[in-house]
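Listed next as structure tokens is one chain, alone, in the form predicted alone.
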């Protein structure tokens, strides 16, 4: 393993990764990662772009926290804790920042996720705005652990259509990857 560390660092540098994290995710970590990323790109980007990147990052980390099947639980003080695992990365692709997340999900959720994403990706900005308003007024999907607005919010903040992929892990799980691009120019 040690012989591959430098190769990983070079790969990340060659692909202009500003930030890369893989492991347990929590609300506290979300704030810390947000601060690191803001400081890493604040000299190169205006506040509006940084806020869009951070908003997408928040939604992606919320998805990991709520939907990753890789969880670790334990007892801390008087209470219990649960940590979900996933990957978060922010990099540069041409004239865009890429905000990427990944986590293991149950295969039974693939169709629901892909149909929702395909619908949102096919919409123009105005349709996404109207869909967002409609979904805010509706009751959440029973299979959802939130209001179901995260993908719409990411799509509205992104400069280009969201991209996603499922990579089979085993018969019951897949690794779900999601990428949003935010233009360096506002």
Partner chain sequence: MDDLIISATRFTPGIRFLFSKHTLEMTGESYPENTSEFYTPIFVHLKNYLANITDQKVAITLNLSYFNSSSSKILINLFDLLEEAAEEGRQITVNWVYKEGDSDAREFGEEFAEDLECVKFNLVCARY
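Just so it is clear, the model here is predicted, and its values are computed rather than measured. Positions refer to the first chain, counted from 1.
Form predicted together with its partner chain: not shown, discussed below.
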Would you say all of 38, 54 and 137 touch its partner chain in the model of the complex, counting a heavy atom within 4.5 Å as a touch?
-> yes
Given that the partner is absent here, does residue 69 sit within 4.5 Å of its partner chain in the model of the complex, heavy atoms only?
-> no
Partner contact for residue 155 in the model of the complex: its partner chain, 4.5 angstroms, heavy atom = no
Does its partner chain get within 4.5 angstroms of any non-hydrogen atom of residue 118 in the model of the complex?
-> no
Taking heavy atoms only, is residue 149 within 4.5 angstroms of its partner chain in the model of the complex?
-> yes
Residues from 113-134 in contact with its partner chain (non-hydrogen atom within 4.5 Å) in the model of the complex | 129, 132, 133
